[in-house]
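One chain comes next, on its own, written out as structure tokens in the form predicted alone.
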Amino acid sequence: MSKTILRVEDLSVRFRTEEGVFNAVDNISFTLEEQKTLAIVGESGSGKSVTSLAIMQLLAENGHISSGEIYVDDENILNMSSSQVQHNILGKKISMIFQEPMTALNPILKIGDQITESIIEHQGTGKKEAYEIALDTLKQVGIPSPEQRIKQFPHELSGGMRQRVMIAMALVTRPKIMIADEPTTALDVTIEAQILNLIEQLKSTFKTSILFVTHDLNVVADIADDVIVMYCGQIIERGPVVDIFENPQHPYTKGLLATMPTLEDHKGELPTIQGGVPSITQRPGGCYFHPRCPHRMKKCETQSPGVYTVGQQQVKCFLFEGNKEERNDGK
């Protein structure tokens, strides 16, 4: 059996708004196995990026973890001080590739300075050795003319090269876990394919586990071992990637997959899921998905469904009420 490298238990994240305090992530649990890729999917507002930021302890000032535990290598990092997390966990054991490199990279620092800063901080090397490690890592992520690029500023690089720099920064300290938050959103399809292939190669080379956050199911099909589907801060379906794609169970998962374009000819428009994800201040009672669900029942409007086992999948939906029930907590 694979070793569990990341374990999230009963995690809830709240945000203060002008209208009050609301849950953005609602009591979720999952594990990431060594050298595996776990994808978290869902529309904008589903809570997937908030989950990744909570793990990295990078929530906005109006957000906080209200309950739960986050274990990295069997250590609960929520019991650590911010200084301990900063020096012993972030960068060293967990790194993150952010969605938009132009906002994540410092525009007034050269690429080399930004990469070597992390090496010196976490590995205690000298500046010259850190520079050589940075140069070697840029070569490994396929940056052309790395001796030139390492001396340039972010605005002098293309979008694809900036994303490769972000991957280099995430990998330079050889972390056990890499969180990729929509890492290909701003890229064209050709560069996207290159970046995904690169992430797969580096996962194998450095034996890194990946938590991949995305709304793009086509990407998930290519890279994931297991999938979590989130909606309104809850996990509503989970399972191996093959089972999720070949036999989706939750009406929301089925809706997401139905919107995926294929190579087959389509007459008319692709199907859509009616409505949108409600904001954290306007979530309905009962099952959060019921206003958009074609299979909703009366009790869906007032009761939250349990989590039921369907083959290798766990599904949070009353349609499977006769199946073996797991914990009724959104896990």
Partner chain sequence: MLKYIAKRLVMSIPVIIGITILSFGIMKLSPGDPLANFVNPSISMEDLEASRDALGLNDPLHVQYFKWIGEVVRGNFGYTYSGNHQISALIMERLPNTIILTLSAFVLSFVVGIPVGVIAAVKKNSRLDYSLTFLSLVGVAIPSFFFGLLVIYLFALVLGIFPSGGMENIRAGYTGFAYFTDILHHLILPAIVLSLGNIASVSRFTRSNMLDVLKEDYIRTARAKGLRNKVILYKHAFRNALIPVVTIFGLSIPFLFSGAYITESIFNWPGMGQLGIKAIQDREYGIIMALNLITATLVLLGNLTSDILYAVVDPRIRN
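Positions refer to the first chain, counted from 1. Keep in mind that this is a model prediction, so the values were computed, not measured.
The same protein also has a form predicted together with its partner chain, omitted here; what follows describes it.
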item: Sole residue of T185, Q194, Q140, Q86 within 4.5 Å of its partner chain in the predicted complex, by heavy atom; value: Q86
item: Contact residue in the predicted complex, from V277, C293, C300, L53 (heavy atom within 4.5 Å of its partner chain); value: L53
item: Candidate stretches 132-140, 248-256, 225-233, 88-96, one within 4.5 Å of its partner chain in the predicted complex by heavy atom; value: 88-96
item: All of L105, I108 and H122 with a heavy atom within 4.5 Å of its partner chain in the predicted complex; value: yes
item: Residue contact check: E61 to its partner chain in the predicted complex, 4.5 Å heavy atom; value: yes
item: Close approach of S118 to its partner chain in the predicted complex, 4.5 Å, heavy atom; value: yes
item: Its partner chain contact in the predicted complex: D73, any heavy atom under 4.5 Å; value: no
item: Distance check, F206 to its partner chain in the predicted complex, heavy atom within 4.5 Å; value: no
item: Partner contacts in the predicted complex for 213-240 (non-hydrogen atom within 4.5 angstroms of its partner chain); value: none
